[in-house]
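Encoded as C-alpha cells, the following chain is the form predicted on its own, with no partner shown.
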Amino acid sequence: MGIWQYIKCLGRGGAVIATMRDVARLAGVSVSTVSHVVNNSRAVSDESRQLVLQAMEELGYRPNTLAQSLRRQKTNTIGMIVPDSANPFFAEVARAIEDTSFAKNYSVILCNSEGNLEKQRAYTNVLIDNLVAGILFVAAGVSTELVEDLRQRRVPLVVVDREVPGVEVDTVMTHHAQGGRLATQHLIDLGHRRIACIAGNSEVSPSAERVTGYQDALSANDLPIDDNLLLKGDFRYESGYQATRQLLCLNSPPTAIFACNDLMAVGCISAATELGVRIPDQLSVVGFDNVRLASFTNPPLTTIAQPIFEIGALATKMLLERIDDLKAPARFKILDTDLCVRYSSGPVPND
C-alpha cells in the first residue's frame, strides 16, 4: 500500500499501522535494508538510509518495540518501586530518575508498594515479567531476602535511600546519621535543651540512623536522652501532627522538635499553630529532606537537605552501568547532607 492509499484510508477514519514491508515498497528498497536501518544492524548506504527514513516519516512508521524486546529479552524500560508515591521526597527522586532515564532513551515504570512487603514482591515479579532492563528499589521494611533473590536471578538492581544488610548490591543513600546530628546540633546551638524527636518507621535504615544522629548530638553536648521526648511516627503528615499534640501536652514540653522528615515537620507546625504555640518564638521545628514544599510552609521550614536530584541521577547512572555489566563489584555511595536554615527555628524562648 502506497502513501496516497494510506492517506485515503486515514481520511475515511481507518487506523492503519505501517509495516517494514510498506516502508520498503515506498522507499524502493528491500525489507532487509529497512530492518538494518531500523535496528542499526548493518551498514547501509547514505542514499538508501535517507530513502528509508523519508518513507518512515511519510508513513508514520514506528518500530515494533514489543517484538524487539522479546527478541532481546529486555526493554528500554526500567522499573522503580517506592514505599509511598504520595511522599514528595520519593516523587522528587522519581522525577530526577525519569529526567535522567529519558536523556538515555529509557522510560520508567513507577510502582507504589505502600510499605507492604507482599505488594513489593508482587511488583518486582510484574516488572520482571514485563522484561524491564533493571529495577531501582526503595525497600519497604526489611527486604534482605527479596534483594538477595533478585541478585541471584541476575536482575540489574540499585537500592535507593536504604541499606540492605548482608547483601552485596549497588546502593545510593545519604548520610542520615550526619543529618540527624546537624539538625540537633543546630537546635542546641540556639540554646535549646529539651529537644524532642519524631522518628519514622524503625524498620527502615534512614529513620534509625537519623535518630542515632539525634542521640549522638545530645550525648556529645552532655544532654540527657529522655525517652518521653522520642516518639514514633510513620513519615506521614498525620503522625507528625499527633506526636506534636502529645509532646506539647507534657508537664515539661520541649522547646524544639526534630521531625525525621519534612512531611511530619509540616504536621508539627500545623498542630502547634492549632494549639496557639508560635513558631519559632515558642517552639522551633526542624525537618529532614528539603522537599520543595519546605520553602512554602508558614513559616518556611528549617530542614536537613538531601541532594535529591543527585540521588536519582546517580542511582540511574549506576543502574545503566549495572545493566551493561552484571559482574562488576557492587558499589555503595553515601552522599552528604546539609543544614538549610529558614524561619521555623530560633533561639530558645525566655522563661
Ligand code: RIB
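Counting begins at 1, following the sequence as shown. Here the structure is a predicted model, which is why all the values come from computation and not from measurement.
Only in words, not in the display: the form predicted in complex with the ligand, which the text now covers.
(message) Can you tell me if residue 192 lies within 4.5 angstroms of the ligand in the predicted complex, counting non-hydrogen atoms only?
(response) Result no; residue 192 lies far from the ligand in the predicted complex.
(message) Taking any heavy atom pair closer than or equal to 4.5 Å as contact, tell me whether residue 134 reaches the ligand in the predicted complex.
(response) Judged by the heavy-atom cut-off of 4.5 Å, residue 134 is well away from the ligand in the predicted complex.
(message) When the contact criterion is heavy atoms within 4.5 Å, does residue 215 count as touching the ligand in the predicted complex?
(response) No, residue 215 sits far enough from the ligand in the predicted complex that none of its heavy atoms falls within 4.5 Å.
(message) I'd like to know whether residue 112 contacts the ligand in the predicted complex, with contact meaning heavy atoms within 4.5 angstroms.
(response) No, residue 112 stays farther than 4.5 Å from the ligand in the predicted complex.
(message) So if I measure heavy atom distances to the ligand in the predicted complex, which of the stretches 98-106, 159-167, 237-245, 118-126 falls within 4.5 Å?
(response) Only one stretch qualifies here: 159-167.
(message) Just to be sure I understand the contacts: of 179, 267, 206, 233, which is the one whose heavy atoms reach within 4.5 angstroms of the ligand in the predicted complex?
(response) Result of the distance check: 206.
(message) Give me the residue from 284, 302, 316, 306 that has a heavy atom within 4.5 Å of the ligand in the predicted complex.
(response) Selected option: 306.
(request) Just give me the residues of 83-113, first to last, that have a heavy atom within 4.5 Å of the ligand in the predicted complex. (result) The stretch 83-113, when checked against the ligand in the predicted complex, contributes 87, 89, 90 at the 4.5 Å heavy-atom cut-off.
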